[in-house]
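Take a look at this single chain in structure tokens; it is the form predicted on its own.
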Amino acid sequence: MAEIHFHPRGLAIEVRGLRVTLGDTAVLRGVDFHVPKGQIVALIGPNGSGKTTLLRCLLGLQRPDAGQVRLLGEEVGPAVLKRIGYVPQRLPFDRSFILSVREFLSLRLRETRGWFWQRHRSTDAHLRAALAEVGVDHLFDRPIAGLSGGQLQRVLIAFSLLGKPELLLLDEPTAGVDTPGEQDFYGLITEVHRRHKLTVVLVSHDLSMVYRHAARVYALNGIICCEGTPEEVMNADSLKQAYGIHVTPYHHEHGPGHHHVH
């Protein structure tokens, strides 16, 4: 296979010719995926289109059959993965799991990673500040297994931000969030992106939220079918190509600058 040459300047993610077969299914069939630094980008596509598999390849959890991946200009490995934050779709905890939110977050800090670390006021203040940024500092001493889906996702974002990532990957982050909380949640991600100057890759089924918050959209169905601004991708032809069905997007407004696409 010919060597693939990368041009990492200005790119947070560069994927070339990525192929993954799981069982008898070719899940990724030659994916090319280039994400500029500093943007919120959305990855959309139907169930089974390979979105989670692509994220697993980025995180080094899935070995591809072919192709190459670079993150922040480097090949995937322990050094660059320290600069990546990841919020999974679900992280189920058994109700008997006794770790508190404070104890869970402390696992992210080098100074508190051992089993016998001493509790310090300065460490607690640091952890509380991370929770306050995502609006859940009142959960500090709550058992993590007792949190709602929306509360847990916010705690997971706080956990990721403790590592001071340059790139944040979120896999269906509102899967466990009730409908009224979804808009606030996407607003939170936008604010985190602005404050920390991150690159954010957001896997989502919610096309209206993608339209409002993403600077760029990639539609995946085994390959990247189309990419561009939300206005360019959110049209009937592009969505039909990605989803394999006829989709008619329409727009309606809830005041200035608030559009929905369905």
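Residues carry their position along the shown sequence, with the first being 1. If you're wondering where the values come from, they're calculated on a predicted model, not measured in any experiment.
One more form of this protein should be noted, the form predicted in complex with a small molecule, which is absent from this view; the next part is about it.
This chain lacks the partner; the member of L59, L207, V27, C225 within 4.5 angstroms of the small molecule in the predicted bound form by a non-hydrogen atom is V27. Taking a 4.5 Å heavy atom cutoff to the small molecule in the predicted bound form, the contact residue among Q68, T52, Q39, N235 is T52. Between 194-202, 211-219, 227-235, 39-47, the stretch whose residues reach within 4.5 angstroms of the small molecule in the predicted bound form through a non-hydrogen atom is 39-47.
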